[in-house]
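The chain that follows stands alone, in the form predicted alone, written as structure tokens.
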Amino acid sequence: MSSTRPSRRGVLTGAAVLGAGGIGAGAGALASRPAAGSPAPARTVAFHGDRQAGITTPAQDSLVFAALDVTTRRVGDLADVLQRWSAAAATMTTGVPVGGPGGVGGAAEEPPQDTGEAHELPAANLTVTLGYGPSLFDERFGLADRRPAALEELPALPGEQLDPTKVGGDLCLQACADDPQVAFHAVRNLVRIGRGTVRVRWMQLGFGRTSTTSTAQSTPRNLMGFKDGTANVRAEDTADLEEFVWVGGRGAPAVDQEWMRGGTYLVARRIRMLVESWDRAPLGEQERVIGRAKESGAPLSGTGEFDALDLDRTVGGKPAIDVAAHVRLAAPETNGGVKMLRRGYSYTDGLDLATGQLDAGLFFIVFGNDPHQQFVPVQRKLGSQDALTEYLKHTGSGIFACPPGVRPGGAWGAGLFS
């Protein structure tokens, strides 16, 4: 088992590992945080609960997502890290440093328990969400018979150009907050705690939410300039959450692994937008491709953002919403009623040095209780028929099982290892 306080060498190595995993990826997002000392209310989201925070929680402004590999073959070491991660996440989501109020200080000859960059910053609605990847259920930990049937690697999908360095992972950590430094601090410290047991496989920073997960939120815009997530499932849509998001919910598929009851599955896709090509497209072409008006967000079959899609309406003998429009092909009405909860973020990773073009786009995150019957068929259709595909490249991917929430006194992994 690892000790609670890391060694000096451990701190330095852990920081290097985190950096190698992508500290520079989307680093520009960190520049958007408020200046230190700016007044801000103490906004917190409870870590403990029946379900993990960071799923139906009103989407915050910033994201740090890390996929990690487990480097030990000792199940006890993994369980220990998950327990210590739970304690640290519960502490950080209250705005308190790892190790408690004195975590940034301590003995002069020892490294502090907390790295300190979020010290004196408010919690900023920080949430930390954990997921298990399919590869965790191999022969290393004796978990093969605990793997849910829905937790299978995603199949090859039309049009994707995946970077093998941005795919998969034994675990994932999703930290969201209204201050990017707070979100980064959370993942940095969890990776530090797990040194010797886990290491970062790939990482993505996101800025600017591209979804609305509460009726109290307005619809944001993505980097193509269009409103995104108008028809998303929201926290208040309890019937839809039960049927389409929560494992074991009313109307949901049968539960095959009891430890996943009340959890959900996360699919992450790093989608690069070919913004230079998009920016040259005329407004009419952009609106045809999306199926909505750029300024108002209204479907081309209506006049207001929240008007229902009228997929039968014609204008001048042609469908008002093009047959290849993104909103038509992604709509529940054309996918057997299937819905999912979206929780994505914009990203920018500077320039693609090979082309001199911007590496920017959407880090798409979606939650559902049956991803191979929800995300996969919808994405197959989008990848082969969607007019928007001309302007996109799917370059990263992962699927993870997010267990139910942690009760006070409990820890991540308790249900899986019991």
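None of these values were measured; they are calculated from a predicted model. Sequential numbering from 1, following the sequence displayed.
A second form of this protein, the form predicted together with ligand HEM, is not displayed here; the remarks below concern that form.
Here the chain stands by itself, but in the model of the complex one stretch of 76 to 84, 172 to 180, 245 to 253, 220 to 228, 220 to 228, has heavy atoms within 4.5 Å of ligand HEM. A single residue from the set Arg342, Arg147, Arg199, Arg288 has any heavy atom within 4.5 angstroms of ligand HEM in the model of the complex; that residue is Arg342. Of the listed positions (Ala53, Val70, Ala387, Val378), a single one reaches within 4.5 angstroms of ligand HEM by any non-hydrogen atom in the model of the complex, namely Val378. Contact annotation for the candidate site: Met273, His326 and Leu392 all lie close to ligand HEM in the model of the complex (heavy atom within 4.5 Å). Contact annotation for Pro332: at least one heavy atom lies within 4.5 Å of ligand HEM in the model of the complex. At a distance threshold of 4.5 angstroms between non-hydrogen atoms, Phe364 is in contact with ligand HEM in the model of the complex.
In the model of the complex, none of the heavy atoms of His185 sits within 4.5 Å of a heavy atom of ligand HEM. Within this chain, Val45 is remote from the site of ligand HEM in the model of the complex, having no heavy atom within 4.5 Å.
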